[in-house]
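The same protein chain appears twice below, in two forms, each given on its own as structure tokens and labelled structure 1 and structure 2.
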Structure 1
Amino acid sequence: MIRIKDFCYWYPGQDQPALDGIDLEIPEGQFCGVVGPNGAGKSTLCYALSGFAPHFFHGTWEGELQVGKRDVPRSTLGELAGEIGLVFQNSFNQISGARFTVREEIAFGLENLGLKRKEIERRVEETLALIDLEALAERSPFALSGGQQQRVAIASILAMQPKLLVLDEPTSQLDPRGTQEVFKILDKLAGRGGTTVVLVEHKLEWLAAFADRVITFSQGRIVLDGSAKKILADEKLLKLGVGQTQFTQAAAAVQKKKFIPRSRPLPVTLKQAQKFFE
């Protein structure tokens, strides 16, 4: 699905690359989490995958970046819009403001693609059901809670049926309930096997519970890559300033006191922690 080889990207006027020699492959249908300290290159990865870098932010690049059969840096944003969806950190940056209801907002992108009316109506209804927005369909997007608005932003992208969904910290402004809503939706999408999900996120407990894989960035490079269970238990995350889940930290503290053998793998989820302390 995603194939990146020796890819570098420089923002305009910058001497140091924001992405520096990235090699990465992500298969179709995988739920992939991305973590790292501020300035590590996580958001730039999102922009590169969606074509916003270089087409919107400009700058220079080298290497290869393919999504499916699409050469992303050499394709226009118009060509990418129907295949790759990007959800921003703040839903206010994504909701158009050009439509009065949730239903109309979801249809807005499809109208711009020039789809036929019946096809637009079908996709909107399917997406409303998928994201559990049917009860809010006739309300204004700006009258919703933060979690609901983020669901609308995601729905607007999903209605375009992208093969790849890229999200840049979509839960950073959400409470635990709103965060749970977003993760359940992403889990459902990736579980269906038709949508590849790449999610930049700081809430490690949620990544531990839902992500198949976690990639760690530092200074524009990939420094750790593997299963969520393996990477989120790695103590290197502490040195990088990423941290660990509360379950991992508690278990590590107990092991340090020698109450539990160090040979026992550290947990990253609540369920794993319960077994760890049995």
Structure 2
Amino acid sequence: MIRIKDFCYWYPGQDQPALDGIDLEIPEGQFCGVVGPNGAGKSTLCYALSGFAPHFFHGTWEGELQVGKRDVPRSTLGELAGEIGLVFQNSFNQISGARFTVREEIAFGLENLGLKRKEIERRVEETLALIDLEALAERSPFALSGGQQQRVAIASILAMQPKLLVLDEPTSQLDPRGTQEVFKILDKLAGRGGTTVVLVEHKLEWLAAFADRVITFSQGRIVLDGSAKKILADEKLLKLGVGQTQFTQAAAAVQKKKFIPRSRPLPVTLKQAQKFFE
């Protein structure tokens, strides 16, 4: 689905590339988590995947970046809109402001895709139900709490049903139940729906439970790549500033005290941790 070869990207006027020789292939239907310290290039990867770098941010690039059959940096944002959805890191900026209600806000992107009225209505209702926004449908998207606004931002992209979903810290303001719900939705879309999901997320516990794979960024490069459970247990994450779940930290600390043999692999989920300590 995604094929990136030796891709570099420079923001305008920068000598240092924000993406520095990225090689990455992601198969269709994979749920791929992205972690890394602040400033590592996670958001820039999201912009590159969705064409916002270079089409919105300008700057220069080299290498290859394909999504499906599309050559992303050589396509227009208009061509990409229906195929690749991006949920921005800052949901406050995602609300278009062009419409009066949450329902209309979600319909807005679909209208731009040129869908038929009936289809738009169907998708809007489906999405409102999916992400628990029915009670807020008639409210103004600006008269909402931070977390409610973030839900609207996610919903307006989900409604477009892109083949590739790119989400940049989409749960940062969601309550824990809302976070879990979003992970479940993404898991379903990836598993049965064949949607490819690229998710930047600091909440490692949920990545461990749901993602197929985790890639780790540092200074514009991919430094670790593998199954979610393997990467999240890797102690290099500590040095990189990504941190680890408290399950993993507690397990490592107990191993140091020699209550549990070193050979036992570190847990990253609650279930694994329970087994580890029993």
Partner chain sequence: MKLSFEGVFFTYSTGVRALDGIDLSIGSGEFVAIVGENGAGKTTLVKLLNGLLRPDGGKVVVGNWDTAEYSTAQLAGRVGFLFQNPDEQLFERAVQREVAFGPRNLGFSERKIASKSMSALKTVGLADHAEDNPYDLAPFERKLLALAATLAMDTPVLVLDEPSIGQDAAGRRRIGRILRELHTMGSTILLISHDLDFCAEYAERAVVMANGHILADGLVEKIFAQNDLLQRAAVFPPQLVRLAQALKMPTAPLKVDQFVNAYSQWHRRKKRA
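When a residue number appears, read it as a position in the sequence of structure 1, where counting begins at 1. Rigid core: the largest C-alpha set superposing within 1.5 Å between the two forms. Not measured: the values here are computed from a predicted model.
Matching the description of the form predicted in complex with the partner chain is structure 2; structure 1 comes from elsewhere.
When the change between the two structures is described as the motion of two rigid parts, G68 sits in the same part as E205.
Between the two rigid parts, the smaller one rotates 13° against the larger between the two structures, as C-alpha superposition shows. Core superposition places the C-alpha of R117 2.7 Å apart between the two structures.
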